[in-house]
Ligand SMILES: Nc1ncnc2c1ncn2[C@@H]1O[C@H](COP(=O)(O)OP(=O)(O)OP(=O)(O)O)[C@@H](O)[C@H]1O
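Single chain ahead, by itself, as structure tokens, in the form predicted on its own.
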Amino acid sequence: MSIPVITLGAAASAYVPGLEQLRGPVTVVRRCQELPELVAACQTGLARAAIIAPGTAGLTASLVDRLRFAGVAVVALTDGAPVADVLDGVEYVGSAVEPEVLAEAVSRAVERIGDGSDRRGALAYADPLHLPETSSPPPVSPVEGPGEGRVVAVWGPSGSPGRTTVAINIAAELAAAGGSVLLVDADTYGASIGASLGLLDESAGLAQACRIADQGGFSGPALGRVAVSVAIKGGRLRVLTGITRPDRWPELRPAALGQVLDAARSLADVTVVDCGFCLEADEELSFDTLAPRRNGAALRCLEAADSVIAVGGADAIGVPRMVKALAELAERVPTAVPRVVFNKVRAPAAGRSPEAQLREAWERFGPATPITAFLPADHAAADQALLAGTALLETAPASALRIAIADLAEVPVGERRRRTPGRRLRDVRFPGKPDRLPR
């Protein structure tokens, strides 16, 4: 069976006569001179592979992922020099090879897409037009190989339930316990981790990391150079600050963000991600599959996470919002298994014995997902930590809120010491869940 191919650039088009003379598996159906022309042709289903000339500007990880999900394999010709930035999923071939070798490379690239080994199934949730066929997506395989670190996503419905406070303090507790921890602000609507920690970072560390990753060849050491190091109670916490303005959300493209999270697994034992609340699929943009999606960053984080902590407000508005948000999460990201945490628990908002009241109401009217933890309201301690630009364990170590978050992170309060060589933070457990974080 012949493989329809589109070429881009003069060097790629020069192979057309040789490929046609083979009368073999490759047939050139169109020659393109500009990248937008190539993209438009690939989106129509005209071809199954694209041969791209050396030095083509605009060939990024985001573009490669979009073409792969359109069923188009990418074969890039090189000018003979070593490829500095290798893009995952691209077949690289020297520009001086024989047509037979190029045809074999095209066949290999198409076979990888055909058997699913080169598809990032999890990323499909961030692309509403291409849902995966199975509920268990294959793991992402970055260039340097996946690390052993774990990714914990902190997410929740709208209404300021305290996602950022929980994310910061979980990361701080784990870092102060002596482990390697990375805190990522991936909220595209209201990034605030930098300000909460007193970091006047106008460069937006996560956006910078995504720009580098989009060019390929991203690694843990490169991520470490972008992240900011913060001292936390004798430990060190790495931080990737969020975008400084909401209108910068196109800089956090899902494909690049996925590579950043892959690199984070090699850099840190635990990566804590503060996600945006909104999971809408941006259906008004679905006609343009290459258009960036504001909620793609949150979806990508939830897809890649080994553990999801869903934070909701413990009041008459926050509880119904949590119920609706969990239903939306199950629809948008079926692989996510959230642990429900209610924050700002207080008697005036939930009645006498607020924890018992919330648990009883949840068991009667809520979804099957059980409540993992209750975090008491302690506005004075939270305000004190925010004013000091640090975590609760430094400004209010005896706070009930701080103790509850430490219990959520399974970090014993009062027994803090440097991590022993045999204990790894990826083995952290959470109350209400007997097994350890999924491996």
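Since the structure is predicted, the reported quantities are computational estimates derived from the model, not experimental observations. A residue's number is simply how far along the shown sequence it sits, counting from 1.
Note that the form predicted together with this ligand isn't included here; everything after this is about it.
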Would R253 sit within 4.5 Å of this ligand in the predicted bound form, counting heavy atoms only? no
Is there a non-hydrogen atom of V64 within 4.5 angstroms of a non-hydrogen atom of this ligand in the predicted bound form? no
Within 4.5 Å, heavy atoms only: does K344 come near this ligand in the predicted bound form? yes
Is it the case that D187, even though its partner is missing from this view, gets within 4.5 Å of this ligand in the predicted bound form, heavy atoms only? yes
Region of this chain that lies against this ligand in the predicted bound form, out of 359-367, 323-331, 67-75, 336-344 [heavy atom, 4.5 Å]: 336-344
In the predicted bound form, which of the listed residues (A377, I403, A396, I371) lies with a heavy atom within 4.5 Å of this ligand? A377
One residue of A53, C32, L59, A382 in contact with this ligand, assessed in the predicted bound form (non-hydrogen atom, 4.5 angstroms): A382
Neighbours of this ligand in the predicted bound form among 150-178 [non-hydrogen atom within 4.5 angstroms]: S160, P161, G162, R163, T164, T165
